[in-house]
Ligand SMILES: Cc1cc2nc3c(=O)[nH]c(=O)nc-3n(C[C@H](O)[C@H](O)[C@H](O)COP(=O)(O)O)c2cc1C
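A single chain, nothing else alongside it, follows as structure tokens in the form predicted alone.
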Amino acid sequence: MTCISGKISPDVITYLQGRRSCSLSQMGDTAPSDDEIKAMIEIASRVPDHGRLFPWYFVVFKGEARAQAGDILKEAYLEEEPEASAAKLALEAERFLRAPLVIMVVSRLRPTKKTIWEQILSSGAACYNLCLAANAMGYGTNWLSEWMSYNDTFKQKIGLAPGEHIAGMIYIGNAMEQPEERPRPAQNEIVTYWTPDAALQRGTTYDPEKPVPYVKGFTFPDEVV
């Protein structure tokens, strides 16, 4: 394979300008083939990774495994909502059935002198590259986290080690409809061409006085703090 860094590709530019997530309600039941899944994950792995730490890995749910994971989802949800009805538990158990393929991207923080923040960002980049790869193969994608990503029981029973976190659940399937565009921020609201006296444009919804809630369940292993 030839590595590329700086090659004009108008088709890629056009594609990225129109890229859009696919609603789960618009996702069909056609799953990628095993060869396509392998290619998607290979592309997802080609992301910036300072120190070559590979601070992420992938867990694939396809076929019957999606329903089998439902038993864990039900058990974990009962911890969230002990009074949940049988109907609600059945609904939660079917979360992975909303698409024919779900790929979980797991962030694993490595003991290193490289910053933890860079490792987390690399995991997010892997999620997005996975979406782009699937989109370019003709599939719709939806990158979600939802409650189970922060539930210790779910993470433990799926097989995650302490200190590992779910960067995203990427739902993948054929798009039955092309999604509509959604509002995007104007560049003059989020872009600053810096000068010493420039006021940084943070976006119209930014409120520096409003505290950012700490992510539930997110802790750093002692050895990498």
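What you see is a predicted model; the values in this text were computed from it and never measured. Sequential numbering from 1, following the sequence displayed.
Omitted from view is the form predicted together with the ligand, to which the following refers.
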query: Just one of 25-33, 59-67, 45-53, 180-188 has heavy atoms within 4.5 Å of the ligand in the model of the complex; which?
result: 180-188
message: Residues Asp11, Tyr15 and Asn135 are flagged as a possible site; in the model of the complex, is every one of them within 4.5 Å of the ligand by some non-hydrogen atom?
response: no
Close approach of Arg202 to the ligand in the model of the complex, 4.5 Å, heavy atom: no
query: So in the model of the complex, does any heavy atom of Glu75 sit within 4.5 Å of the ligand?
result: no
task: Evaluate Ile120 for contact with the ligand in the model of the complex, applying a 4.5 angstroms cut-off between non-hydrogen atoms, and reply yes or no.
output: no
task: Give a yes/no on whether Ala167 approaches the ligand to within 4.5 Å in the model of the complex, heavy atoms considered.
output: yes
statement: From Leu144, Leu109, Ala125, Met104: within 4.5 Å of the ligand in the model of the complex by heavy atoms is Leu144
query: Going through 50-75 from first to last, which residues have a non-hydrogen atom within 4.5 Å of the ligand in the model of the complex?
result: none
